[in-house]
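Only one chain is shown below, in C-alpha cells, and it's the form predicted alone.
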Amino acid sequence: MVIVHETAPSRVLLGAGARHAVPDEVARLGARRVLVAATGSARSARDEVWAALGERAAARFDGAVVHTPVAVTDEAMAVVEASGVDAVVTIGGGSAIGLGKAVVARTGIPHVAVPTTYAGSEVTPVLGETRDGVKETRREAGLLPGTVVYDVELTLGMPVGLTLTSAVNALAHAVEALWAPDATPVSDALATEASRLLLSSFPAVLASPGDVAGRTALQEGAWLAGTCLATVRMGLHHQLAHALGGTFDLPHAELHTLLLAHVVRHNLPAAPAAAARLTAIAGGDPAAAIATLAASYDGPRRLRDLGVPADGLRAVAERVAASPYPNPGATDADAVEAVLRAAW
C-alpha cells in the first residue's frame, strides 16, 4: 500500500495580539474593499478589526448562523455584490468562518479567518451548507482560508460551557483522524499531539478560564486537530453530527460533545491502533474520559435534551447507512441506530 500525504498551502499567525496584524494581512492580499463577517459573540473583536481596517472596511455582515444555511449566505452575497467586496475577514466560531467559505465558494475572493473558538474550520477546505433541512458537505482546495489569525486574547472571555463544547468539538477532529482509512504518519502525529494538548489542558482552563497558558494549549490543539480534519476523511461521528444538525437544526459544538463518547465506544474495538494511542493519552478508557468531560458542564447531555424526537432516529440511521463515511465500526442502519439511541 502506498501512503499519500498532501499538505495544503496556508498562512497561520499565532500569538497574543495577533489580531492587530489583520490590516497588514489584508494589504498583503491587495484587497481594497473588505467584508467583515462576525458572530454575535465576537462583536468587540469585530469592532476593533473594523476600525483598524480604516478605508478598506467596506461592509459588515453579522447574520452568520450554525450549519451555514444557504438562505443566510444569499443575504450575505447581496451585501457583497452591493459593496464591491474583494476580500472577506471572518471573526468568530465555525458559523462565521463557514459563512466566509460559502462567500468564497461563490466569488473566489481571499479569506482571512480570525477564530475565537476551537472549531477548527479555519484550517480546512471543508464547507457544510444546509438547504431544506439537509446539510451537504464538500471539500475543495479553494475553500481553505488563505490566512488564519490565532489570538489567544480573543478566547479569554469564552464561557466555561462554550470552552468545553468547542474544545471537545476539536478533540473529535483528532480522534476521528486516528482511525481514518487514509491516515498517514503525519496525520497520526498531529492527531496524537492535538489530543494530548486538548485533554491535558481541560482541567486548568475549566478551573480558571483566564489561564493564558492553558488557553494557548487549547488553541494549539484545535489548530492541529483542524489540520487533521483538512488532511484525512472523517467517519461516523462527523456524519452523525451533520445528519442530526442539518435535520433538527442543533447547536454544533454541543452535538459533537454529547455524541463523541458514544462513537468512540462503538469504534475503538475495531480500531486497535487508535485505541492504544488514546488510552495512553487519557490514562485509561478514552470513552469514559470523554463522557466525564461531556457530563461536567451545565448543558445538554443527551439528544433528547436537544429536542430530538425518538421516532426520528431510525430515519437518520437509515440515511447515514445508505451512504456511510469510512468508519472502523459497523455502519449498517441497526448499528447506527444503536449509537443514536445510546446518545438519546
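The first residue of the shown sequence is 1; numbering continues from there. The structure presented is a predicted model; accordingly, all values stated were derived computationally and were not measured. Basically, rigid core = biggest C-alpha set you can superpose within 1.5 Å across the two forms.
The same protein has a further form, the form predicted in complex with a small molecule, not shown here; the description that follows concerns it.
Interface membership of Arg46, defined by any non-hydrogen atom within 4.5 Å of the small molecule in the predicted complex, is ruled out.
Shown alone here, Pro159 lies within 4.5 Å of the small molecule in the predicted complex, counting heavy atoms only. Although the partner is absent from this view, Leu229 contacts the small molecule in the predicted complex, with a non-hydrogen atom inside 4.5 angstroms. In the predicted complex, the small molecule sits within 4.5 Å of a heavy atom belonging to Lys135. Comment: 93-101 is the region of 93-101, 180-188, 76-84, 268-276 lying near the small molecule in the predicted complex, near meaning a non-hydrogen atom within 4.5 Å.
With the partner omitted here, the residue from Leu198, Leu260, Leu236, Ala119 that has a non-hydrogen atom within 4.5 angstroms of the small molecule in the predicted complex is Ala119.
Out of the listed residues Val26, Val66, Val308, Ala317, Val66 is the one that sits within 4.5 Å of the small molecule in the predicted complex by at least one heavy atom. The Cα shift for Pro110 between this form and the one not shown, taken after rigid core superposition, is smaller than 2 angstroms. Core-superposed comparison between this form and the one not shown: the CA of Gly214 stays below a 2 Å shift.
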